[in-house]
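What follows is a single chain, given as structure tokens, in the form predicted alone.
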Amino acid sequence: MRVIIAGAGIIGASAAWRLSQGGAEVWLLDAGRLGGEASAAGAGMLAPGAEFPAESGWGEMAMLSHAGYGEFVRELCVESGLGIDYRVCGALDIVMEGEEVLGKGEALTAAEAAVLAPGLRGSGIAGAVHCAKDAVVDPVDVMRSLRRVCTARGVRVMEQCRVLSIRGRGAVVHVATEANGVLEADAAVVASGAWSSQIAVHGEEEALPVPEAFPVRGHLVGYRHEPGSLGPIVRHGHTYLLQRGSGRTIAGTSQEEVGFERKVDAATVEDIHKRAAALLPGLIGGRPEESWMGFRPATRSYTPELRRLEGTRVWLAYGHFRNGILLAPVTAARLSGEILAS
């Protein structure tokens, strides 16, 4: 069975790995480079929390993916021979004076929270909720390992290969590309993140309705600190801080619907820096050393599209919004299982 995947981010590459493990011949196509967009830009916070409405079913899927993330990383490290910065460090959801305590976890006083995060000396902090199982992973490490394991298993990685359309009714799927003409496969996957609905999908003749995907720009800033100077993730509202094993400390974020505007906005960077410094004045001092942005792939329901288009050999796998890194293991397992069984 040959499967063509349009999109080589963490969703597409993880699915390619699982499909190749199951014996499929996989072609992994991307308009840019493998892991070059949202996957590389993400902070890598693994915190299922209350990201999805209960009725969507994705809350349970997020918890399942979170529970299996350590094994996913371990297997990827063993097969690739590369290390991945992954840590179950826990998280502190800060509660300010006058705020209601929300979230599941252990309630801590401000003093108890400061023991876990010594730089936590912002004014007005009343306490925190400790989510002990939350974790962080470096998505750049994950993508590096996925490239190696996919290549070793014979996945054909085709970068700078934009997919224009997919004709998917019948036993053979035709994938039209900008640079490589029309390719044939037994199944195809649309996993192009915020660009997914730009790929036209057809039955025999008619265009098939594909839910809209759109970008939500998010900014992040980075600092250099001593490794271990920030233990748990620290969160309040739309502000969070986490630290890599190297000491690189990342603060975020913003949420803006501005299309595919790639400009890093100086005012937004300043706002994130001020919010981070207000929470952790004992850690955040001078200016951030770096800033960047990424396009989170959203749908209008703000939940993922993960399903087969009825009557076709085409699967959708996009719209993971803030949680593509978290949901990659469970998405890849479900997608590859359905395709290999079809």
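Since the model is a prediction, treat every value here as computed from it, not as a measurement. Residue numbers here begin at 1 and follow the sequence given.
One more form of this protein, predicted in complex with a small molecule, exists but is not displayed; see below.
- In the model of the complex, Arg322 approaches the small molecule with a heavy atom inside 4.5 Å.
- Contact between Pro281 and the small molecule in the model of the complex is not found at the 4.5 Å heavy atom cutoff.
- Not displayed here, the small molecule is kept clear of Arg153 by more than 4.5 Å at the level of heavy atoms in the model of the complex.
- When contacts are judged by a 4.5 Å heavy atom cut-off, Leu326 counts as touching the small molecule in the model of the complex.
- Residues placing heavy atoms within 4.5 Å of the small molecule in the model of the complex fall in a single listed stretch, namely 195-203, out of 76-84, 195-203, 122-130, 92-100.
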